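Here we start with a single chain on its own, the form predicted on its own, put down as structure tokens.
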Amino acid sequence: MYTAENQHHYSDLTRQFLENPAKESNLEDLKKILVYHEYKYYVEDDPTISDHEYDLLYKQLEAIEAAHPELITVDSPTQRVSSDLSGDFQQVHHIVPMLSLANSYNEEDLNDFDASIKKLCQLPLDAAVEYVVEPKFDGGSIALVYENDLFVRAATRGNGTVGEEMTPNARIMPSIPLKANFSKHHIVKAELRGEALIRKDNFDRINTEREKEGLPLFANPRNAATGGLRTKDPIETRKRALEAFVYQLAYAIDDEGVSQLPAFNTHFAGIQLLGSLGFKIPEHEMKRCKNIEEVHQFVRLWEARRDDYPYEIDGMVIKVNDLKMQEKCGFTAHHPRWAIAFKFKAKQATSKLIAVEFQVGRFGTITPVAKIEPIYLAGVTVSSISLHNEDFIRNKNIWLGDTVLVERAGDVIPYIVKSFPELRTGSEKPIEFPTLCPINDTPNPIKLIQEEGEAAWRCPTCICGLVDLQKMIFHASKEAMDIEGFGKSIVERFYDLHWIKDMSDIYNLDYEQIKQLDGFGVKSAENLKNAVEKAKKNPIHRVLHALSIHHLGKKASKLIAEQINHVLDLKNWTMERYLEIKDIGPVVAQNVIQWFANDANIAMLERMESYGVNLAQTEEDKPLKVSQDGVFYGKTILFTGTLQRMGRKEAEEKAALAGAQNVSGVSSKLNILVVGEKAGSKLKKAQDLGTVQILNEDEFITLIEENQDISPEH
């Protein structure tokens, strides 16, 4: 798509725009260099400028378009975010049906496929057929339609004839060009086939972030990708970092309705054309093979290297390269006769369930864990698998002694797909889910409870200490009090040594004793002490979250912390007082009330305070104060997009000091919307209302600075 010469040209333009901001007369050049840098980053994975530099260029384009809305075009990089999807997805007919593929699982199947091609094309058995072999991506299939060079529609595969339109979600994927120069090849309308994927490292990052936010984890990249295609909010699609590989030019006509596909002669030429137009193609992962023997070698090569490839693939697709031969082969109702999928060996295996152990979490949740005969699966030995809860066991019909099918979802998380009841011999037994706490080995174990609407069973009152251990592990973690260097293994070690029995003991450690411990020493003990002392000064919203009160998350902790002078004030709070706080519901309120009604919990907090832990409201805990003298007094304000000169929190503080009330959404009551880079649907909603004052970041700051030194009298 880009030659060495024009890449040099775009690099020069980039430097010019970074040094001298663009004007409306430079708009087309600015759009072109942004598209170029999107291509280098998202398609070639070879960025030539930093993210910050790209953001500066993008901001220039936004500023010009904000000043001159009449210059905005549908293919502008700023137009990737369109209006939110709402309601059910619309069904659309594909121009060309998206058929399935026949499958093969060994080289003999491939030889049979080769023989069938020769028969259909009336070729001698010793003739050599040229094939194109490319990855069989494990994501979500998509169809993209372009008219007069512009991207106009995207749809899921659906039933092959009718799919669900998801154009707004596709527009937000930078690897899908909003404009492609099909007209250069006399094509006025085209339909492309592709696959939406999430790169493995991005999938790991997304799951890590979801775990921190307390959201359920995605089972594998494929599920996350297909869900991202169908989400009702394109911003959620963006969060999932979807990329689109395009692997077929399925339909192409000129302005007289004449097909232009024959002009390319081969499937490979069509793919190369798409690559030259800026689409992400499997250029380095595909090969033209002269005969079926070369196909054998190439698929074996990729089966060996699949684990090292950054995307999930579950096989290779073999296609006849010559388009005229494809036409001769034709189609069945189910699949094209000229293509076949070679499926890699599944990353599944069977094993025997030999035992079920029960583990306890920090809220007392009892989790059953399957112990299976060890199996080697996708590069690791698996012997333990979570069974999640009683409902999972019942729904999967899993018994002790069963043969079970195991897979590593996303090649990471072991998962029991199913049991095989038909293989039972009579020695298998149903798994008995305990009614009493299975962890507690005292003479008086606690009866488990199951809250309404929840599948999990919990131990409501731990007396064996293991729930306290899990709470201490969380308390010290980055998500809670953020005590650096005080990880899970150290908490467990100190617990086993009886140095810590509850959270308060974390703040009263004997560091002289720790210095003598194997693996520590003077420096490590001092570092731990400094980290603990630092944590003692945390704001109280962190303290509340770190107490592990069921359902009390970060947001609710912050809302409560805004309303109290001291953590122990909550001893006297009633249900009505909690419910006065917006977004605090009766479940959270009841759990906090019960926790603070427990004398042992109060005594623990008092010990923590005596050891120096802050329990008083800090400046960080306080709600933003609204000034009656500021330029925004009496106005509601909302920030959207990415701000460049300050963080969102700082901006909201400045707005409040200038008299504004910060709100969380666009409505008829919103007065001012401050727009940062890559603003999403909130900007569109505000524009549609027509009553909202829209400011960019610079305008917002200028208004505040110009009014800072003006006294109320003036």
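If you're wondering where the values come from, they're calculated on a predicted model, not measured in any experiment. Residue numbers here begin at 1 and follow the sequence given.
This next part talks about the form predicted together with a small molecule, which is not shown.
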Pick from 108-116, 95-103, 493-501, 291-299: which stretch has non-hydrogen atoms within 4.5 Å of the small molecule in the model of the complex?
95-103
Decide yes or no: are Phe363, Glu479 and His545 jointly within 4.5 Å of the small molecule in the model of the complex, with each residue judged by its heavy atoms?
no
Residue-level contact is defined here as any heavy atom of the residue lying within 4.5 Å of the small molecule in the model of the complex; does Ser141 satisfy this criterion?
yes
Please run the contact check for Ile473 against the small molecule in the model of the complex: heavy atoms, 4.5 angstroms, yes or no?
no
Would Phe137 count as a contact of the small molecule in the model of the complex, using a 4.5 angstroms cut-off between non-hydrogen atoms?
yes
Please tell me whether any heavy atom belonging to Lys319 falls inside 4.5 Å of a heavy atom of the small molecule, as the geometry stands in the model of the complex.
yes
If you check Arg408, Arg157, Lys280, His541 against the small molecule in the model of the complex, which one has a heavy atom within 4.5 Å?
Arg157
If we test each of Asp621, Glu195, Glu191, Asp468 for a heavy atom within 4.5 Å of the small molecule in the model of the complex, the one that passes is Glu195
